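The chain below stands alone and is given as structure tokens, in the form predicted on its own.
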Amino acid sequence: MENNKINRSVIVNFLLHLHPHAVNKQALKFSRTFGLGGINALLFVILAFTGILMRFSYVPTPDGAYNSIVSFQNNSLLGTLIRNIHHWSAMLMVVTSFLHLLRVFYSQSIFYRRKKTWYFGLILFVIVLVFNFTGYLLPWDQLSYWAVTIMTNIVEYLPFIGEGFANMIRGGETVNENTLLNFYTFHTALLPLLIVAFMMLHFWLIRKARGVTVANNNEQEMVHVYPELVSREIIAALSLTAFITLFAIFFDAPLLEKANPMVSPNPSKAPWYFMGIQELLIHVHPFIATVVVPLALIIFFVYIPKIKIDTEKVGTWFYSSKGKSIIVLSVVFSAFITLLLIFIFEYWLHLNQFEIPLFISTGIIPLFMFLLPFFGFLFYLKTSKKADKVELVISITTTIFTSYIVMSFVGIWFRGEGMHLIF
């Protein structure tokens, strides 16, 4: 009995190191965070555990990688289930990390003392994407080989450094055994250490900022973390684990035939979370897609937390009632204009057939065809809806996210042979 009390005390003390001793009661509401931060942490633990199990059998060579995956699935105890759990957990982590960023942004939890948390959260999201991307190649099948080929070819579009950087990633001019070894090393050694370090820093910054933001700072009723919050986290963890396990039982992770560098599938597509980039490159000049747009987004997302807002608005979902309607309008506008431009560039406007410099016909003109109606929409919000600075920033961010999701959706589901639109 005494040993059980000691063990329980150790567990409780460990959990309290992850949380303050008490939290605002509002922070316990599921609708405040949807548990997304904890879900991401648990997914990483699941990925680490299943990844270690697969690492015992994996052979990081072009001849051995694919066969070791097949052998692990067929000959290891619960091999197929373990790989399925690993694969779907990785895919889910991309989704939940993105949703976590949205939750933090739309609940106004990025200002003042939480500014650094936002920045490190963005870095963590990039690490999650790189983590998935490096793991994508490891099965060494046709799907993974050509998806990585597409993405490393896109890197070559970067001016001045693109070709050298792509060759460094690949370990050569094409995806080869050096690429596989590089990705394997990053995926199983360097990136896990990096993500653990940034997760610890991220959690520390959240605790330093006194936990989760709440909508009304005047309500200061505090409750003990144990058992109020911890019990909820345990239930959420068990529910998530059960869901992933059941999903992995019924849906197998994709595995096509062994990679063949001489036979390219038609169409060849990037990993689904990078399909928006590939779709963008179909319509605009590579310099716009790989330099102008990324730099503009980096500057914008770094700038957002520097805005001064009313402290009472921190923690308020969608900033205001007007903010909710602005988000809806922004989603509708962005989806419409993105789909419209895709159809225009696909079926009607082919400026590259005229004697116009390529940078103008596929760069400047498409960019202005998006920016002109976009600024017109912002002007409408400013004048007709009386949107303030924060509400305009919310609109811009919503437009960006919606446009990328629409392009990804089109690229994944409606691009067929030759990357032509299909219906």
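Because the structure is predicted, anything quoted here is derived from the model rather than measured. Start at 1 with the first residue shown and count on from there.
Separately, the form predicted together with ligand HEM exists; it is not shown, and the next lines address it.
**Request:** Give a yes or no on whether every one of L101, V128 and G135 sits within 4.5 angstroms of ligand HEM in the model of the complex by heavy atom.
**Result:** So, yes: the whole triplet contacts ligand HEM.
**Request:** Answer with yes or no whether L381 is in contact with ligand HEM in the model of the complex, where contact means some heavy atom within 4.5 Å.
**Result:** L381: no, not in contact with ligand HEM in the model of the complex.
**Prompt:** Does G51 make contact with ligand HEM in the model of the complex, using a 4.5 Å heavy atom cut-off?
**Reply:** Yes, contact at 4.5 Å.
**Message:** Under a 4.5 Å heavy atom criterion, is L194 part of the interface with ligand HEM in the model of the complex?
**Reply:** L194 lies outside the contact set for ligand HEM.
**4.5 Å heavy atom contact, V284 to ligand HEM in the model of the complex** = The answer is no: V284 has no heavy atom within 4.5 Å of ligand HEM.
**Interface residue in the model of the complex among L329, M199, L81, V155, criterion: non-hydrogen atom within 4.5 angstroms of ligand HEM** = Exactly one listed residue reaches within 4.5 Å, namely M199.
**Listed residue (A289, A248, A147, I110) with a non-hydrogen atom within 4.5 angstroms of ligand HEM in the model of the complex** = Contact with ligand HEM in the model of the complex is made by I110 alone.
**Prompt:** Just one stretch in 110-118, 335-343, 160-168, 240-248 has heavy atoms within 4.5 Å of ligand HEM in the model of the complex, so which one is it?
**Reply:** Residues of 110-118 come within 4.5 Å of the partner.
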